[in-house]
Structure formats: C-alpha cells, structure tokens
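In the block that follows, a single chain appears as structure tokens, in the form predicted on its own.
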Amino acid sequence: MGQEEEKGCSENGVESKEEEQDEQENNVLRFLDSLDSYLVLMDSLSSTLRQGWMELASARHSMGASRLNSALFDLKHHNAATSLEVNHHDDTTMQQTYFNLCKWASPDTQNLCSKETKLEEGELLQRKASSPQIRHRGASRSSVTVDDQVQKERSKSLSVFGALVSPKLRGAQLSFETALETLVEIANIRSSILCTHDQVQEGMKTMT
C-alpha cells in the first residue's frame, strides 16, 4: 500500500509540473503574439498618419489656404465629440485594463453611442445560443442607425470649412479617425503585453 501511495503522489506531481509548463508556454506565446500585434499596429499607425497629413495638404492646396485654416475654428465651448472609456477587468488569473472608443457622441447621439459600446463589450462575453437570428437582426438595425448618425456628425464637423469641401479633406478626416482607433488598439495591446509579461514572470518564479 505504501508503495502505491508513493507512486500515485509521484504521478500527481509529474502531472502538476506538466500543467504548469503548458500554462507557462501558453503565457509566453500570448506575450509574443501581443508584441507582434503591437509592432504591426505601430507600423499601421505611422502609415495612416502619413496618409492623413498628405490628404490634408492636398485639400489645403485645392481649397486654398483661406478656406482651410485655424482661423475658421469655432473656439466656443463644445461637448467632446469623442470620448474614451476605461474598463478594468479583474479575476483570479489577471488584471487588465480595456479601452473603448466612443466616437462622434453629440448630445443627440450619446445614447446610441452608449448602446454601441455596450454591444461591443457584450461580444467579448459568452452569449447564450437561444434566438441567434433575433439578436443578429437587432444588432444590425442598431449598427445602421449609429452609422447614419456618425455620417451626420462627420459632415457637421467639416461644415465650418464651407458647404462643399474637397474629397481630400473628407479622406483626411477618415484617416485621422482611423489613426485614433489604432491608438486605442495599441493601448489595449500594450495592456495585454504588460498583463502577459507579469504572468510569465510569475510562472518563472513558481517553476524555480
């Protein structure tokens, strides 16, 4: 009996070490994957900003400096059209911060933006399998409504430069908007890098 108990304890110890090694390998892979995504996003950000500045220069050239300059800006107090929400995810295995971008949130569209953000957060969780088609149709209608409001807010923000603006100016607007989205993705990836780095360090301590 004593030998069987010792054998069982030995097997359990080996299995426990193998599980720890597998978990550590997974943490390392997630860490490296996050680093790769970070580098790709940084390169994408650089290209998007370069394109945005080129489009803005082209729009200024075609419209004229008198129609596209900072003197036309309305310096009165306005509500922020874009906001950043910070969410902290805590559980027994990790502590990570998530950033959500809420774009073009005017007083008339703030509720729609809030609904869109909640929908994006809900997609990160496990959903029940019941009524998938109903959920899909509801999400589609909400997305179309938000897109229409966003287009109105984009046009409204460019109205200070006149009723007819250069397509290059609209392109520059979209480029800088994309750059802002990329910055938020970079922030989330950086948060993931820090989280997985801590997990790797903790795994190395427990294994030694």
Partner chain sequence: MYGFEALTFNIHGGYLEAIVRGHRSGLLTAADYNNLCQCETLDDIKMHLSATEYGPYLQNEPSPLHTTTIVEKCTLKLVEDYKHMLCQATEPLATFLEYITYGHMIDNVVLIVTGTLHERDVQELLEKCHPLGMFDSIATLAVAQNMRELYRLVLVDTPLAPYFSECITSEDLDDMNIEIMRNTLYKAYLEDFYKFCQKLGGATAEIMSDLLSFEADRRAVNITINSIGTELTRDDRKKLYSSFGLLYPYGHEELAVCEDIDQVRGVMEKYPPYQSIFAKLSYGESQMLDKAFYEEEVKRLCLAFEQQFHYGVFFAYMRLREQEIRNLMWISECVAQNQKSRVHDSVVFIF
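Keep in mind it's a predicted model, so treat the numbers as computed, not measured. Residue numbers count along the first chain shown, from 1.
Separately, the form predicted together with its partner chain exists; it is not shown, and the next lines address it.
- Though the partner is left out of this view, residue 154 does not reach within 4.5 Å of its partner chain in the predicted bound form, counting heavy atoms only.
- When contacts are judged by a 4.5 Å heavy atom cut-off, residue 39 does not count as touching its partner chain in the predicted bound form.
- Although the partner is absent here, residue 29 sits far enough away that none of its heavy atoms falls within 4.5 Å of its partner chain in the predicted bound form.
- Using a 4.5 angstroms limit between non-hydrogen atoms, residue 182 is distant from its partner chain in the predicted bound form.
- Residues 57, 58, 60, 61, 62, 66, 67, 69, 70, 71, 72, 73, 74, 75, 76 are the members of 57-85 with a non-hydrogen atom no more than 4.5 angstroms from its partner chain in the predicted bound form.
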